[in-house]
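Given as structure tokens, the chain that follows is alone and in the form predicted alone.
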């Protein structure tokens, strides 16, 4: 039942709404169809970002793809938690180390070990538009632990303008979501992974 709801929510409602009403253009989306499992890494400037990326996921992978979301922001009450887990398919992460029952890295690693995919914002939080901040170490640790999983960079161009930070009103604006080829890592040193990942996202930004 949850799988059907997710397919309807993302593939039918959000994909059509974003493409036809908002003006979202999907670039290189076919890349997603070539990977059975992946880690999507994207820049993050708006709450619309997750809907945009998830609307692009192939139907066969929607229920197996989990966006990461902050428990303190999106899990304030039982209704929010229910919607995030069952309608968004998000996994809620507690950002307060003192309250964590399980380390976020372990939670994400467990998801990958089950054959599922992740949507991550390696900058850690919503940043400044057109600026990509340094990635957090957690991404590199996940990649070190799961070197055979495709890491796909995703650049969101101007999507934040459809739902600016602090706004609750969605407005039409011509925007793009661009997918890059899976990253080929020359080294699995933590710093090398972070640099290559960030450079791959910056390259998409500069080319589009």
Partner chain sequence: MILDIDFSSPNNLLVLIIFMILILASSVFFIWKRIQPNALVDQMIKTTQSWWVMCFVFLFAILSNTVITILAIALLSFVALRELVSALNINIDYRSSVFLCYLSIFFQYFFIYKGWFIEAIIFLPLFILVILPCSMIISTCRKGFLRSYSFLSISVILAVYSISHLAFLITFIHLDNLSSKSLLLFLIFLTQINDIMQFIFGKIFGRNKILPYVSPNKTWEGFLGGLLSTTIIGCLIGFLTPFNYYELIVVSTIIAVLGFLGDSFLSAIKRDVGVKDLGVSISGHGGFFDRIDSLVIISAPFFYIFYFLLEL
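Values in this document were obtained by computation on a predicted structure and should not be read as measured data. Residue numbers count along the first chain shown, from 1.
Keep in mind the form predicted together with the partner chain is missing from the figure; the text below concerns it.
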Looking at 160-168, 37-45, 145-153, 52-60, which stretch has residues with any non-hydrogen atom within 4.5 Å of the partner chain in the predicted bound form? 160-168
Within 4.5 Å, heavy atoms only: does residue 191 come near the partner chain in the predicted bound form? no
Partner proximity in the predicted bound form: residue 187 to the partner chain, non-hydrogen atom cutoff 4.5 Å: no
Is there a non-hydrogen atom of residue 199 within 4.5 angstroms of a non-hydrogen atom of the partner chain in the predicted bound form? no
Taking any heavy atom pair closer than or equal to 4.5 Å as contact, tell me whether residue 12 reaches the partner chain in the predicted bound form. no
Residues from 174-204 in contact with the partner chain (non-hydrogen atom within 4.5 Å) in the predicted bound form: 174
